[in-house]
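Before any questions on how it binds or moves, here is one chain, the form predicted alone, in structure tokens.
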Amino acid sequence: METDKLNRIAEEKSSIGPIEKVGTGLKTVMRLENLTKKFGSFIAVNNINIEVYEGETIGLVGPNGAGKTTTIKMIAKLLRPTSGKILVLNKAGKLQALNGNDKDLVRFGFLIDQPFFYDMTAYQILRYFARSQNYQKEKINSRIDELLKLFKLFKWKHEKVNTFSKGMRQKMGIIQSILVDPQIIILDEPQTGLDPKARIEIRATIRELQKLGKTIFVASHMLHEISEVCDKIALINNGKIVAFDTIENLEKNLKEKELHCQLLYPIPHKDLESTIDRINQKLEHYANHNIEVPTPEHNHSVKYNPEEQNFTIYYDGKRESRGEILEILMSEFKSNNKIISFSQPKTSKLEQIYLEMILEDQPRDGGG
């Protein structure tokens, strides 16, 4: 009985209460509350809770079957939740449950996996989508031209889309998802099957949308792409959110902290052991002693790859330590070698987060 009472209070607050995060001025545009989806006895999405603020780009990351696409399809109303609710900002500035009567909600845009289009020109397809979504008739042509120019497809306006490259079709998919100027944009695997050049272009496209103040969900298994464009990461595994925060905050819980140092020349083989021993001694004060460092000898906190002329340094993760480590290394190599790169790669850190928080979990069977 007490639980039912609390649930009713929570529902009332979600429907009519303030939607700004206290002390920040950030406006909530979507809230997933205890969202669950079952297929028979299989739990595809298990009690997910996420709050999303205006202008954020959220990355949904997880292995196949984790629940990413199922979550997105529930937001897109392609699947009905088994329990829980999805609350979305309405035009009156309040959160409203996503159900059968959604005409008062802010607009959504969706790209669910790879887009497919009728055998029509780019203009004909976009005009069809605009009219089907009741976009103002007098603004349709100018809106189409605006977006085709933004995505560098304007000169193909009257060409049939089935002649487009895969990257161009993917851009068309994103254009149709934002055609009616939605406030919330959902992109499911927007870079699937694209070559490196097209992936770079899609990342640039997402940055353009960010500049327009859109709230964006990007579901992907490509960690580099996620790290390049997202403000926060939602790590999903076995249908549950195992972490939801900025990459910077997630890093604070990493067991390993890495720095990469690239040398101009390889260390001569005859000097290799003594050089690594000397660097380890000098960096001992900054080493991370809470991990078992994956180096073959002496459990050193410094690992050297002779083929890449690259050091991996496992350190305590403190900002001030990075500067002092760099000074030590520059002093060490100032005479007969040079440091040409010193970094803490974002991609490497996200991979570590992924490995520690997701892949250590037991795998499960099922879709998702």
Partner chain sequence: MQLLEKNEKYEQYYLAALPVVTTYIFELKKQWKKFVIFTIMAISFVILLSHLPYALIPDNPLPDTQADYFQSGLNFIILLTIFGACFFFSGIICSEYSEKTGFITFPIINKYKLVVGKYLGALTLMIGVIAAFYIALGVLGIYWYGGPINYRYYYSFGIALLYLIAVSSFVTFFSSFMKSVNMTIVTTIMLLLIANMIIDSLVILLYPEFEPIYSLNHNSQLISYILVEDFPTKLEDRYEDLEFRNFHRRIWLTPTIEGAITIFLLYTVICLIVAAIIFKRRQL
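Here the structure is a predicted model, which means the values were calculated and not measured. Residue numbers count along the first chain shown, from 1. For clarity, a rigid core is taken as the largest C-alpha set superposing within 1.5 Å between two forms.
There is another form of this protein, the form predicted in complex with the partner chain, and it is not shown here; the text below is about that form.
message = Can you work out whether Asn90 and the partner chain are in contact in the model of the complex, taking contact to mean some heavy atom pair no more than 4.5 Å apart?
response = Because no heavy atom of Asn90 falls inside 4.5 Å of the partner chain in the model of the complex, the answer is no.
message = Can you tell me whether Leu150 touches the partner chain? I mean in the model of the complex, with a 4.5 angstroms heavy atom cut-off.
response = No - in the model of the complex, heavy atoms of Leu150 and the partner chain never come within 4.5 Å of each other.
ask   = Just to confirm, Lys68 within 4.5 Å of the partner chain in the model of the complex by heavy atoms?
value = Contact check for Lys68: no, nothing within 4.5 Å of the partner chain in the model of the complex.
ask   = Is there a non-hydrogen atom of Gly167 within 4.5 angstroms of a non-hydrogen atom of the partner chain in the model of the complex?
value = No, Gly167 stays farther than 4.5 Å from the partner chain in the model of the complex.
message = Can you pick out, from Glu273, Asp145, Glu284, Asp102, the residue that has a heavy atom within 4.5 Å of the partner chain in the model of the complex?
response = Answer to the contact question: Asp102.
key: Proximity to the partner chain in the model of the complex, single hit among Thr215, Gln191, Asn237, Gln176 (heavy atom within 4.5 Å)   = After the contact test, the surviving option is Gln176.
task = Please name which of the stretches 223-231, 132-140, 201-209, 262-270 has residues with heavy atoms lying within 4.5 Å of the partner chain in the model of the complex.
result = Selected range: 132-140.
key: Three-residue site Lys197, Thr246 and Leu250 fully in contact with the partner chain in the model of the complex at 4.5 Å by heavy atom   = Spot residues vs the partner chain: no contact at all.
message = My question is whether Lys137 is one of the residues whose C-alpha shifts by 2 Å or more between this form and the one not shown, given a fit on the rigid core.
response = Yes, because once the rigid core is superposed, the C-alpha of Lys137 moves 2 Å or more between this form and the one not shown.
key: Rigid-core frame, C-alpha of Gln210, shift of 2 angstroms or more between this form and the one not shown   = Comparing the forms between this form and the one not shown, which are aligned on their rigid core, Gln210 does not shift its C-alpha by 2 Å or more.
inquiry  = Aligning on the core only, does the CA of Tyr123 end up 2 angstroms or more away between this form and the one not shown?
reply    = After core superposition, the displacement of the Tyr123 C-alpha between this form and the one not shown reaches the 2 Å mark, so yes.
ask   = Would one find the Cα atoms of Glu208 and Thr163 closer or farther in the model of the complex than in this form, where their distance changes by 3 Å or more?
value = More distant in the model of the complex, by 3 Å or more.
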